[in-house]
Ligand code: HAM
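This document starts with one chain, in the form predicted alone, laid out as structure tokens.
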């Protein structure tokens, strides 16, 4: 028997309903903030990803050659593709540009809980606004999205310049190595690297910065940063908007990618793989042949959000089973249509079962049974049975529809 590829998943209807419901909430919040959806190809030229991250990233990607010998890759993330699209299609568009996307991505890595080879991201990119209000908007939008879907989370905000100040005396290659340790929370590896560099004082300063949770303390450890005024303004705007966050100056999302303010969100119930959102300010357009457009964005790890929500994310939509005798079959079609027109999911019997067998089947798949026999066909009424409580009564069709709405679902 054939199995699904390693690191992928099948989603049954109940799971898909939950995912689509959460996705719809995220889309609606983005819409209200003025962000419009875009879509990029699932595969891109390999160079789009290696230009920024180097050839080493190939080991973590699905890479292939097409029949024309072109080297292509399944996208490991979406930001690079969106900025490529901006350079190709929209660099003269009025700024700022507010875009969002929902897309699957692919990474060739060892599958584990919360980490898959095919995974989904809901992302936002704000292009062309190089200001504190733009930085604050990205964080506020991220908080609004997580609040809208009901996930329990902690939001952390930091700035890369503090880390850059401490690492300024190191070569770019060593800086990237240290930042990689911090990004992966690999403190043992960090200690080994700093021991090899014979820089114990740097290790102490980095440890203090990672542990620091107030802005004045961060300045005391790392000194003033070039973007101090802008970061102060960003924080002031977040406070004015009532965003709940805490500082984390140990966020290290990559010196080659992000340039200033960074932020992350962590779910309260996912264990070690608990990061559900990450983002910050960055500049990529110039690297891809465009202008030096400032950008700020984030991506939500959709799969981890779904796991974190658990049953909270499950849609509780009522299901109505239309049960009928042979005499009531024609009217059953009209009754089913009435429930569907009212917005409910209504299913009719296709197996030509008897009434008893239909009720037994409905008790496994539905919340309500609407029964139409000879008597109901003649009277124009229906018999509705709540399959959870056992309550049953004969009423008009309009009353039955209203009754389903008032009871809700299981």
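Residue numbers count along the first chain shown, from 1. All values derive from a computational prediction rather than experimental measurement.
Unshown form predicted in complex with ligand HAM; subsequent notes refer to it.
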Exercise. Any of the heavy atoms of residue 136 lying within 4.5 Å of ligand HAM in the model of the complex?
Worked result: no
For this session: Using the partner position in the model of the complex, report whether residue 258 sits within 4.5 Å of ligand HAM, counting heavy atoms only.
Result: yes
For this session: Answer for residue 218 alone: is it within 4.5 Å of ligand HAM in the model of the complex, judged on heavy atom distances?
Result: no
Exercise. Looking at the partner-bound form in the model of the complex, is residue 75 within 4.5 Å of ligand HAM by any heavy atom?
Worked result: no
For this session: Please name which of the stretches 150 to 158, 169 to 177, 241 to 249, 300 to 308 has residues with heavy atoms lying within 4.5 Å of ligand HAM in the model of the complex.
Result: 300 to 308
Exercise. At 4.5 angstroms, heavy atoms only, are 107, 121 and 278 all close to ligand HAM in the model of the complex?
Worked result: yes
For this session: Report the residue, out of 318, 328, 114, 290, that has at least one non-hydrogen atom within 4.5 angstroms of ligand HAM in the model of the complex.
Result: 114
For this session: Consider the chain as shown here, without its partner, and state which of 231, 99, 282, 339 has a heavy atom within 4.5 Å of ligand HAM in the model of the complex.
Result: 282
